[in-house]
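The chain below stands alone and is given as structure tokens, in the form predicted on its own.
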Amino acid sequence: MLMVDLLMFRNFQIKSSLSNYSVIFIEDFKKNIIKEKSDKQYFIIDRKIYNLNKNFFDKNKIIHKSIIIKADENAKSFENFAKYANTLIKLKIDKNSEINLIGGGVTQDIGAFLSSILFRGIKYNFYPTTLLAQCDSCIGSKTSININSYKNLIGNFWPPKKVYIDFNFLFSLDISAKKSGIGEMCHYFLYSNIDLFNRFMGDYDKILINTQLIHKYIYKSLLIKKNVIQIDEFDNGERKKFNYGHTFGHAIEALTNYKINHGQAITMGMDFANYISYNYKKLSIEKYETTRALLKKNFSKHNLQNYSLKKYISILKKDKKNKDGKLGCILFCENEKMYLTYQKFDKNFIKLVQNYFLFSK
């Protein structure tokens, strides 16, 4: 087990109009669970995490009050939620219970949404186990599930009681999971501080080998997000800029049937947005090429040329951020600021998308 100098990472509180909550850095999630254990504690656990820690969960009888899920997009389907709720009710959960979520973003979405609707809202704690969850989704209060082919269309805002971050979880991640988290962090650093982005991507190869090097960047990423969500909790203004890369990236995920992981799709989505911005003369060729060279380190090897442009446009047209039939997207401009625009699906735009597909080797 890694001995982390947790004094480097101060615990902090997120101010929320719904309920303030704490982010706490811990050395060992198992010791923390035992310390907090009570008859009112229930668990939703990613199957991978359960299998890696089976003896602990079984020995301490946590398994008897748990739902074990295969954490993929199918698990987030609207149809599955009645099953999850029924299971918890059979386990005798009640209004005064707490649910502990142990897993990544999918586990968080499932557990947070369930917590928000059971008994009109019960408390939950989150132990994020992926880089993506530790650097991003663990704060912000968003819950979301899928319906049919529409990703994250149903959801609300429901903050946790506590978020416990144990960096030791990162040791079990494969390269793909690390790259997914890196992609999400990139968009925070480009939003906040391009010098930080440059340093981060300069450390890219070292980070993939030595996970300890990413701890300070996780902390910086969370603080960037914290500052914004405390002034725009419900996505009415400034927080919308965190959709940078996501409009085009979510569509890339869906287009490839999630063969490209979330963070790498977002990385490609950021470059896609920058390409649009460059063609609209909002971004110089120098700035575009310099940023692309760094983002490209985290691209997926999947080639967009192998996928249907028509299907991609169709997916973009279903994006939940669209307004009056126009594509809502965040673009990056020359002064390193981001702005929201609504783009018509006209011939010029479709031609740009087509060109990017051809260009994106």
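Residue indices: 1-based, along the sequence shown. Predicted, not measured: the structure shown is a model, and the values here were computed from it.
Beyond the structure shown, there is the form predicted in complex with a small molecule, which is absent from this document and is the topic of what follows.
Engineer: Quick check for you: of 71-79, 226-234, 115-123, 84-92, which stretch puts a non-hydrogen atom within 4.5 Å of the small molecule in the predicted bound form?
Structural biologist: Looking at the other structure, the answer is 71-79.
Engineer: Does the small molecule get within 4.5 angstroms of any non-hydrogen atom of I62 in the predicted bound form?
Structural biologist: Taking the distances in the predicted bound form, the answer for I62 is no, it never comes within 4.5 Å of the small molecule.
Engineer: Is I49 near the small molecule? Define near as a heavy atom within 4.5 Å, in the predicted bound form.
Structural biologist: It does: once the small molecule is placed as it appears in the predicted bound form, I49 has a heavy atom within 4.5 Å of it.
Engineer: Even though the partner isn't displayed, in the predicted bound form is F169 close enough to the small molecule, meaning a heavy atom within 4.5 Å?
Structural biologist: Within the cut-off, so yes.
Engineer: Should G104 be counted as a contact of the small molecule in the predicted bound form, where contact means heavy atoms within 4.5 Å?
Structural biologist: Looking in the predicted bound form, residue contacts with the small molecule include G104, since a heavy atom lies within 4.5 Å.
Engineer: Of S221, N100, S137, T247, which one comes within 4.5 Å of the small molecule in the predicted bound form, counting heavy atoms only?
Structural biologist: Going through each option in turn, the one that passes is S137.
Engineer: Would you kindly say which of I207, I194, L173, L255 lies with a heavy atom within 4.5 Å of the small molecule in the predicted bound form?
Structural biologist: Exactly one residue meets the criterion: L173.
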